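Below sits a lone chain in structure tokens, taken as the form predicted alone.
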Amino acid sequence: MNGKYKKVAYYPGCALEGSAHAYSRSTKAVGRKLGLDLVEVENWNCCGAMEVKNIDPKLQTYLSSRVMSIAANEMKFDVVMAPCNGCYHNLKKAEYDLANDPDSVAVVERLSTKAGHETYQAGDIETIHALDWIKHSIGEAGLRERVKNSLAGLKVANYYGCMYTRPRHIFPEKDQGGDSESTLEPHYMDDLLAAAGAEIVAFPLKTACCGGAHTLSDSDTSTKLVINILRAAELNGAEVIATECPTCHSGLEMHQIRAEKRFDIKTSVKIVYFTQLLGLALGLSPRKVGLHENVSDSLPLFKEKGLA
């Protein structure tokens, strides 16, 4: 076990407190099962998501920097973990901006002073995703040792979404060769679920956009983008699409239903968070990992596979 990641600051973000509660529930449950500690960031705020960033990018940089400042300066952590792709992306972008853009530094210093907290300095903390957290703390070998209910026979397509790897320049730790994560062909979720016994199917749209940002403004386009993802997974034999982003997860679930109603296109692949799959493999019950909170009803499939 890599001790650096055994106990980290946990930034759930807004989605995991609401529509993606199952992701938070399963992430915490898996962490406990693996002997990892998550300490929630105190008095955290929204990272700025898409709404603030589209109106005032430097205000979004400040909002993300405040989360990192609390974790680093007040809670004295070296690592903050964000399971949400949007939060992870925004914290990484803020880190990059504060290291490279003097105007962003000036705005963050001014707003931090006005808010009465210590200004975050680039490099004070390491931001990681839930995939990094499990990959680097436990790893594939550690997972294999702990599996109690192998995912063998379950065909899984791993969907990373677009914000996990883009834009490339804000993720300097990726594309470093060896076992580092790849922005072109991400593999951490593949590695972890394969270690849990799952059969990983080829999936060419693993980083394609699901249209999440346009769901309200252009629902038909979002639905068509999701149809492409769902069909690609099914054509490659997947029974389950594993997700690691609450926006992508909700989009795939809701537009799967909308595709049938609006375009008469039905797909049967199930949408499940990767932490829910790992939890089942580690011997946790479906309720412990929040399967009942998903819109996509995967319980019959998991019962058929002997996983529930």
Partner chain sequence: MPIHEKSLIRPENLHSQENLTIDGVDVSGHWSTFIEPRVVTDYNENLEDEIAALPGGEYIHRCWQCGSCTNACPVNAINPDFNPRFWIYLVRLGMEDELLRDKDIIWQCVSCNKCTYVCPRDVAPEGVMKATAHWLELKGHRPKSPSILFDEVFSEQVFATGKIEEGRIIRDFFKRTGQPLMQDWLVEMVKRLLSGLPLKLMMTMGLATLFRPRTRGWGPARAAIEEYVHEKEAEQRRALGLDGSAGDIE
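Numbering follows the first chain given and starts at 1. What you see is a predicted model, and the numbers here were worked out from it, not measured in a lab.
One more form of this protein, predicted in complex with its partner chain, exists but is not displayed; see below.
Give a yes or no on whether every one of Asn54, Arg168 and Lys224 sits within 4.5 angstroms of its partner chain in the model of the complex by heavy atom. Every residue of the spot touches its partner chain in the model of the complex.
Heavy atom contact within 4.5 Å of its partner chain in the model of the complex, the stretch among 144-152, 108-116, 231-239, 193-201: Selected range: 108-116.
Exercise: Asn294 in contact with its partner chain in the model of the complex, heavy atom 4.5 Å: Yes - in the model of the complex, heavy atoms of Asn294 and its partner chain come within 4.5 Å of each other.
Answer with yes or no whether Ala99 is in contact with its partner chain in the model of the complex, where contact means some heavy atom within 4.5 Å. No - in the model of the complex, heavy atoms of Ala99 and its partner chain never come within 4.5 Å of each other.
Does Leu59 reach its partner chain in the model of the complex, with heavy atoms at most 4.5 Å apart? So Leu59 counts as contacting its partner chain.
Interface membership of Ala15, its partner chain in the model of the complex, 4.5 Å heavy atom rule: The answer is yes: Ala15 has a heavy atom within 4.5 Å of its partner chain.
Could you spot which one of His187, His214, His136, Lys174 gets a heavy atom to within 4.5 Å of its partner chain in the model of the complex? Of the candidates His187, His214, His136, Lys174, His214 is the one lying within 4.5 Å of its partner chain in the model of the complex.
Heavy atom within 4.5 Å of its partner chain in the model of the complex - qualifying residues of 242-263: Contacting residues: Met254, Ile257, Arg258, Glu260, Lys261, Arg262.
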